[in-house]
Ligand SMILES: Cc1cc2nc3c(=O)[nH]c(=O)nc-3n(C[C@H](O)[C@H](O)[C@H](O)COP(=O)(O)OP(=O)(O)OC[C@H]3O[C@@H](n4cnc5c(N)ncnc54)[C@H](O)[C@@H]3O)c2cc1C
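One chain follows as structure tokens, the form predicted alone.
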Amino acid sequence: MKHKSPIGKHAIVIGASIGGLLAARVLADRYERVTILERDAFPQTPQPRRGVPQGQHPHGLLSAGYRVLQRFFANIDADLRSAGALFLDVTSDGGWFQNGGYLRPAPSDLHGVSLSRPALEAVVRMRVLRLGNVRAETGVSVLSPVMDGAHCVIGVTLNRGSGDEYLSADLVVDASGRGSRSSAWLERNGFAPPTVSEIGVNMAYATRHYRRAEGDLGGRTLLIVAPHAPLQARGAVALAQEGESWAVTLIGMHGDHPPIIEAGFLEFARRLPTTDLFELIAHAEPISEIVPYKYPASLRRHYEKLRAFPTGYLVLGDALCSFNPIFGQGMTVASLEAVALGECLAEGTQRLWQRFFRSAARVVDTAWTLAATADFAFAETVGRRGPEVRPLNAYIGWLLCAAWRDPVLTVAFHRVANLTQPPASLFAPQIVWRVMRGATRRSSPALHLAHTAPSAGD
């Protein structure tokens, strides 16, 4: 492979998550060799693996993340299609039940891909490992980074099952996920660990897969029923996936958790504020067991605030920040962090850690603010609330209600939610005018998908 401008001989990525794979893709342009170190063995066919415990549940790749994949890998749509992916317009092919009604659908520039996490990861992994200077080693436990006397990371110690070894590198990237041990390693070596922000949501969800039939959900490929504070701590997702299947997830926050027995699962779905999802699964054929997952809190490690940090070392993806998964931000934020890494490497390695963490923080800030604002709408959510939370939630509530009738607001909201536009765009004069106009209208929302239809904005 032809390098843009090699700045080092060897880079190591810890973890073969989506974030780790995309970091390796970027590093391949700047280093002669890239090695991905992964504890799990890669399955021969797309299957959940131990290192991704939530892999059986639906994952969202937001429009911004999909655009990164298209930028990094030429003709990746063909590979995704071969894996069974469905391509969709996020705002016209999905049903979005929010704040008590369905948002008015409309065509948009927000394109997405619907595929299971194992299948998506398999496609990205295949494309990364096709690069001539990238290889992956599986069954490897990385014990710790290795640092020289000048506070520079020069490699890692690892274990392949037959004793500890040392592997040298010019740069090590920790993409090991939420359970990253980088903070503890820094503290052991005399560095201050990053401060941590935590938002307690006490959430659990349960997923079951069903056979998909033509005409389900009126032909839509996606249904989202969002929790609505303070009235409704429950939500749900139905995502069309490869193999003519639905991945259906029931969500409950603050202890209102979905049961994992069939009768309770169905009853939980029946009590959602719209019956569309219940009607889908009440008549569909189950093709899996019900699989639970618990998520106690969102977690952000503020590496961007550190004043000292070893050179030759970075942290990326969920190791930096893990979000409430109902917002589907994790893979997309990791992909945007990979873009930021590439831009920082283009400027060389001088103070790389400081420049990268600041760039990554700007990516994380937007997604964290969006998720935190919504989470803090519930009084039970634990964490530090800023004074802006209440007025922001009030405004977004008005916007969503106005979007029951106004497709322009639907698209504007989803551009922000898909991380293609900044939150400030929702406060543009023409958007505020539409929100205020919608707030003065007395109208009831459509409560079923059959009552919504795509239409152009006025």
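None of these values were measured; they are calculated from a predicted model. We number the residues from 1 along the sequence you see.
Unshown form predicted together with this ligand; subsequent notes refer to it.
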Check for me: heavy atom within 4.5 Å of this ligand in the model of the complex, for each of S116, P118 and R208, yes or no.
no
Select from the listed residues Q70, N393, Q54, Q47 the one whose heavy atoms reach within 4.5 Å of this ligand in the model of the complex.
Q54
Of V142, A247, A169, V123, the only residue with a heavy atom within 4.5 Å of this ligand in the model of the complex is V142
Mark R33 yes when one of its heavy atoms lies within 4.5 Å of a heavy atom of this ligand in the model of the complex, and no otherwise.
no
Answer yes if any heavy atom of G317 is within 4.5 Å of a heavy atom of this ligand in the model of the complex; otherwise answer no.
yes
Is R415 part of the interface with this ligand in the model of the complex - any heavy atom within 4.5 Å?
no
How about A360 - does it come within 4.5 Å of this ligand in the model of the complex, if we only consider non-hydrogen atoms?
no
Going by heavy atoms within 4.5 Å, which of 322-330, 296-304, 374-382, 342-350 lines up against this ligand in the model of the complex?
322-330
Taking this ligand as it sits in the model of the complex, which residues of 6-32 have a non-hydrogen atom within 4.5 Å of it? Please list them.
I14, G15, A16, S17, I18, G19, G20
